[in-house]
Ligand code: RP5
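Next up is one chain by itself, shown in structure tokens, the form predicted on its own.
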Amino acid sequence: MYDVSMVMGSVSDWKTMVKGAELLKELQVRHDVRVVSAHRTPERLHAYATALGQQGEKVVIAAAGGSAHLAGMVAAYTCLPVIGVPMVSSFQDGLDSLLSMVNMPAGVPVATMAVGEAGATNAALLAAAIVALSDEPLKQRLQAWRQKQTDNVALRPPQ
């Protein structure tokens, strides 16, 4: 049983997405992590996306680089919220991934985060916030995490 399903287009995306997975673990959000390529494993994509929700998933985080079709293809198969994380790529430092992911046609929404690690972190936080809408203990953990972030901001720089 998982609340969040995290999927990435390549094993190489893990070095970025691990930040989001670690944050989900810290917040005690049940999650699963998979590798599914929209182009290289289309049957796996179909099986994965059409089964979403059967393990209790409420949100999907989909990360991909280059043409970054994974998030959009997952969104085409499910009514669950899909949060896209564009990966840094060798072409234009991920701008191609961002533009591809954010340019979804009307009717197939993907909530797209920033490119790279910041996007992975924010995707995890957004997924946790969505799950927290119906999970009061998670809502409290998320509020405490955010308060800790606030408390860690110094009033003045060190002298």
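Note that the structure is a prediction, hence the values are computed from the model and not measured. Numbers for residues come from their place in the sequence shown, where the first is 1.
Same protein, other form: the form predicted together with ligand RP5, not shown, and the subject of what follows.
Figure legend: unbound chain with ligand RP5 modelled from its position in the predicted complex by local C-alpha superposition. Site open, with zero ligand atoms within 2.4 Å of backbone or C-beta atoms. Heavy atoms within 4.5 Å of ligand RP5 in the predicted complex are found in one stretch of 112 to 120, 22 to 30, 127 to 135, 62 to 70, which is 62 to 70.
None of the heavy atoms of Arg34 is located within 4.5 Å of ligand RP5 in the predicted complex. Not displayed here, ligand RP5 is approached by Ser12 to within 4.5 Å at the level of heavy atoms in the predicted complex.
Under a 4.5 angstroms non-hydrogen atom cutoff, ligand RP5 in the predicted complex has Met87 among its neighbouring residues.
Residues of 34 to 50 that come within 4.5 Å of ligand RP5 in the predicted complex, judged by any heavy atom, reduce to Arg40 alone.
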